[in-house]
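Just one chain is shown here, as structure tokens, and it is the form predicted alone.
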Amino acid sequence: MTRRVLAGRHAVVTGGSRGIGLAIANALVDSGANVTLMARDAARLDTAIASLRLRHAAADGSQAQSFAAAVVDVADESSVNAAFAATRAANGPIDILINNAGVAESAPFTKTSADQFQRLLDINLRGVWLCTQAFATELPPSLRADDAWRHVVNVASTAALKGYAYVAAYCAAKHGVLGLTRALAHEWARRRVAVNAVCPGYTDTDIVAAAVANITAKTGRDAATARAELARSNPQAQLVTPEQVANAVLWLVSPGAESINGQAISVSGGEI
């Protein structure tokens, strides 16, 4: 999709400095949106924003778009509120929220500490809750039929749809994200806000690179074998690409998709 169907719309992408988040930001930019990236690492954010500006200039510099960055810890309420306030000051009201920030850690259940469990809940679930709360502060109490639709898309995981061994805490957090998605889809349906989730399978990102390194360290298998092992759950026998996830997100937030609400779109080659 290359038409500028999101021109004038302001999209916020958490975890937007790399991987799936940056791929989503690229797709939004290509469709004309004004984009704010949020992440914890200021240097990576600066690099990502520079890449967005270059992409826009190369594609169509004649139509102005704005790009902004905000450093945020999504698990910290004051950090989230400050980042969203700065974002609105820089780029205006938020039309689209992509909750992408997250972490994955693996451990056998009996070796998963309470602190590790809480950390995964804080970043993967509490972070979605806090950012969506901050997004919701500017939703009007009542809407007219001609008001523009807003969208929230939560980047969950196939771990929100099934269980995987050795990632019980991650699965619990992502199941929570999907429950929150479905609840808000009903609560906000008449406020012209569509809330959905995308659920990628193993995707070729830094998280998978870390998983590959962990497998090789613990089993002695080489990296290629470890990657193939992760891809084996995908019926297409390949890792999902960040761009494939981004294309699903772009569809959900584009005009004409407003009746897609409360859904968990699996991007997994048919695994689920």
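Heads up: residue numbers just count along the shown sequence, starting at 1. A quick note: this is a predicted structure, and the numbers were derived from the prediction, not measured.
Here the subject shifts to the form predicted in complex with a small molecule, a form of this protein not shown in this document.
If you check the small molecule in the predicted bound form, you find a heavy atom from every one of R18, D73 and K174 within 4.5 Å. The small molecule is not shown here, and in the predicted bound form it never comes within 4.5 Å of any heavy atom of N26. Not displayed here, the small molecule is approached by N100 to within 4.5 Å at the level of heavy atoms in the predicted bound form.
The closest non-hydrogen atom of R40 lies within 4.5 Å of the small molecule in the predicted bound form.
Taking non-hydrogen atoms only, I207 approaches the small molecule to within 4.5 angstroms in the predicted bound form.
Stretch 151-159 is the contacting one of 83-91, 180-188, 108-116, 151-159, since its residues have non-hydrogen atoms within 4.5 Å of the small molecule in the predicted bound form. Among the residues V193, A134, I123, A169, the one placing a heavy atom within 4.5 Å of the small molecule in the predicted bound form is I123. Here is the short version: of S31, Q244, Q65, T203, the single residue with a heavy atom within 4.5 Å of the small molecule in the predicted bound form is T203.
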